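First comes one chain, alone, set out as structure tokens in the form predicted alone.
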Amino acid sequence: MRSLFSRNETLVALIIVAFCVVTAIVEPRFLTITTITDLLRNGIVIGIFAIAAMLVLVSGGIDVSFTAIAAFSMYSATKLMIALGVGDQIIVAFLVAAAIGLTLGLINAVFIGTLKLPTLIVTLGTLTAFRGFLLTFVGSQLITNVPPGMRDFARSMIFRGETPGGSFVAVPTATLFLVGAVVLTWFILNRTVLGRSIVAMGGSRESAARVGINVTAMQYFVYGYVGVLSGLAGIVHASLARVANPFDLVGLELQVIAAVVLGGARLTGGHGTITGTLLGVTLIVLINNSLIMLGIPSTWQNVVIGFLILLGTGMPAWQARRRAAASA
């Protein structure tokens, strides 16, 4: 029982419950199916990003360039659809965005896996470089009239209905991309040799290399995989927003990393869970969408998120020191 309550996942789940109770007391309309579906819609893109960021942290690295990859892929794919006159083919947008995301992710991998540069420094550099290249050479104008295929995708729903009070309720088809990212990443980490190799690499790169794991190949896979997920997340974002904005998404890194760290992923690598990551995403989305209901100005969002990052990173460190002191 003690080990259960010492886990980050349990702590985050309790905070979510407390947050929901307080918000529901202040605003009784909070606990409705409409609010839940709205929160789900708002969590799709950040959820996909968080799954990608969690995989990088498990591998022993850190990536802050995924939002720039998403913006680059999203905007480029949208412009290409318009230029080729295939605006009704949403599959083209997803394939192009995934291909661009893969390419940009592999650029990170070259610097990290082949040139052996620090992951944070590389991805900070490519974050700026990708964004600068996009705004300089690809375009910096909003595309407000997105192709019809993207608009149709945004309107497509897994479920739609109406509450007795007349409120519209819907679960967008885009949710399937989050579900797919969750299932595929869970399968890779828990049911494949590849996943076990990634975890081992995150625990100790030197030890993983000594037992025969190709660390460089693992890094190429991780950053390529993150690139693909980021590209797809970008198209999902542009479709749901119905605008391709090259200035979008960049700056979301703090919230994504906060969600992943809160979920128990360690900055030192080798540990992270899908369940914890999704709980972290849930908490961040709740904060972003519910502070106003509590009468708290939205400008306090970053303050709260920063505090939660300190909590998420400080708790494991404190617990580790307690265990070390107890065993001494």
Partner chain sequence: MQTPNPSTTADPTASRLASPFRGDPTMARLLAITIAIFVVMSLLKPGLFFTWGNFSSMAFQFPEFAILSLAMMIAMLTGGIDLSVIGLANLSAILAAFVLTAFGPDLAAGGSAFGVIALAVATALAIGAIGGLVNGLIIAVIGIPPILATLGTGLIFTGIAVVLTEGQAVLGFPAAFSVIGNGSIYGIPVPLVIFAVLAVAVAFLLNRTAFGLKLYLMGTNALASRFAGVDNTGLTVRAYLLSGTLASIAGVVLMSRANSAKADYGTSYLLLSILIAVLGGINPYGGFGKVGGLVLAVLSLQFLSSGFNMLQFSNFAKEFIWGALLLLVMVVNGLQFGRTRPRAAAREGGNP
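No experiment lies behind these values; they were computed from the predicted model shown. Residue numbers count along the first chain shown, from 1.
Omitted from view is the form predicted in complex with its partner chain, to which the following refers.
- Three-residue candidate spot Phe19, Asp88 and Thr275; no residue lies within 4.5 angstroms of its partner chain in the model of the complex by any non-hydrogen atom.
- Per the 4.5 Å heavy atom criterion, its partner chain in the model of the complex is contacted by stretch 246-254, the sole one of 246-254, 192-200, 229-237, 176-184.
- When contacts are judged by a 4.5 Å heavy atom cut-off, Val303 counts as touching its partner chain in the model of the complex.
- Contact between Pro148 and its partner chain in the model of the complex is not found at the 4.5 Å heavy atom cutoff.
- When contacts are judged by a 4.5 Å heavy atom cut-off, Phe94 does not count as touching its partner chain in the model of the complex.
- Using a 4.5 angstroms threshold between heavy atoms, Pro118 counts as touching its partner chain in the model of the complex.
- Taking Thr128, Thr144, Thr216, Thr163 one by one, only a single residue has any non-hydrogen atom within 4.5 Å of its partner chain in the model of the complex, and it is Thr128.
- Looking at 196-228, the residues that come within 4.5 Å of its partner chain in the model of the complex, counting any heavy atom, are Arg205, Glu206, Gln219.
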